[in-house]
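To begin, one chain is listed below as structure tokens, in the form predicted on its own.
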């Protein structure tokens, strides 16, 4: 039986501003999401009995709530409601993007599942339809289905495509998982940053703004603060998303590799040198 392999790339928040909060508690954000080549891999083998199985899940995450399985079930439901036959699938996820790292790993896994199974099951959903479906799984999922870098607004559902210059980064995980609800629920979180327009950062994207969540995470997790302080010796170090990963732009691949090689032994940190992506590796499978 043929096994198909599909990448699920990570993202970095080049900046992240919290500009308000809705009555339902959701925060209003402005951010630029950039795809990078640190990625998980989803492997899929089609079945003949219509069953769906996740063969390798994530430690501590129940299979039924795993975003890969939830995405597959959403597509299965779509097919059943329209009387479309599906072959079923054996799914296997190889994780490289750290959980609780602010890199969108779970959302990316879900998006790749939607793209891949829509293609393999020949369901014919368009990119727009997949994005609407993806929003039911998480606010970041539509970004990965957009297929390119973007200026992100609202709760994550308002996306304006961007084409920033290529860049190299060092991404550092300080060995802790930061719970997103804890960060957004902090009473001292900045929630009134002034709204910006794309023209405000068009000439200096990589040095623009800040991450409003970073101060909260640094206070709650000294490990994040320590990683930021160390990486800050080599560039403008920032936290991605709600943490815990931090990153800094480097001049080129060699510079990024040199910083990774200097990560203190015994620190418990993981580090990667990553290149930006102009488009999702599966963008060719997304029909407009």
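Positions refer to the first chain, counted from 1. Just so it is clear, the structure is predicted and the values come from calculations on it, not from any experiment.
Keep in mind that the form predicted together with cytidine-5'-monophosphate is missing from the display, and what follows is about it.
Chemist: Note which of 177, 139, 196, 186 lies within 4.5 Å of cytidine-5'-monophosphate in the predicted complex, where distance is taken over heavy atoms; exactly one does.
Modeler: Looking at the other structure, the residue within range turns out to be 139.
Chemist: Among 44, 52, 231, 29, which has any heavy atom within 4.5 Å of cytidine-5'-monophosphate in the predicted complex?
Modeler: If I apply the 4.5 Å criterion carefully, the residue I get is 29.
Chemist: Indicate whether cytidine-5'-monophosphate has at least one heavy atom within 4.5 Å of a heavy atom of residue 181 in the predicted complex.
Modeler: Contact check for residue 181: yes, within 4.5 Å of cytidine-5'-monophosphate in the predicted complex.
Chemist: My question is simply whether residue 87 lines the interface with cytidine-5'-monophosphate in the predicted complex - judged by any non-hydrogen atom within 4.5 Å.
Modeler: Answer no; every heavy atom of residue 87 is more than 4.5 Å from cytidine-5'-monophosphate in the predicted complex.
Chemist: Examine residue 215 and determine whether its closest non-hydrogen atom to cytidine-5'-monophosphate in the predicted complex is within 4.5 angstroms.
Modeler: Residue-level check for residue 215: no, no contact with cytidine-5'-monophosphate.
Chemist: Taking heavy atoms and a 4.5 Å cut-off, does residue 264 contact cytidine-5'-monophosphate in the predicted complex?
Modeler: Looking in the predicted complex, residue contacts with cytidine-5'-monophosphate do not include residue 264, since no heavy atom lies within 4.5 Å.
Chemist: In the predicted complex, which of 167 to 175, 109 to 117, 79 to 87, 131 to 139 comes within 4.5 Å of cytidine-5'-monophosphate (heavy atoms)?
Modeler: Every other range fails; the passing one is 131 to 139.
Chemist: Residue by residue through 228 to 257, tell me which have a non-hydrogen atom within 4.5 angstroms of cytidine-5'-monophosphate in the predicted complex.
Modeler: Result: empty, none.
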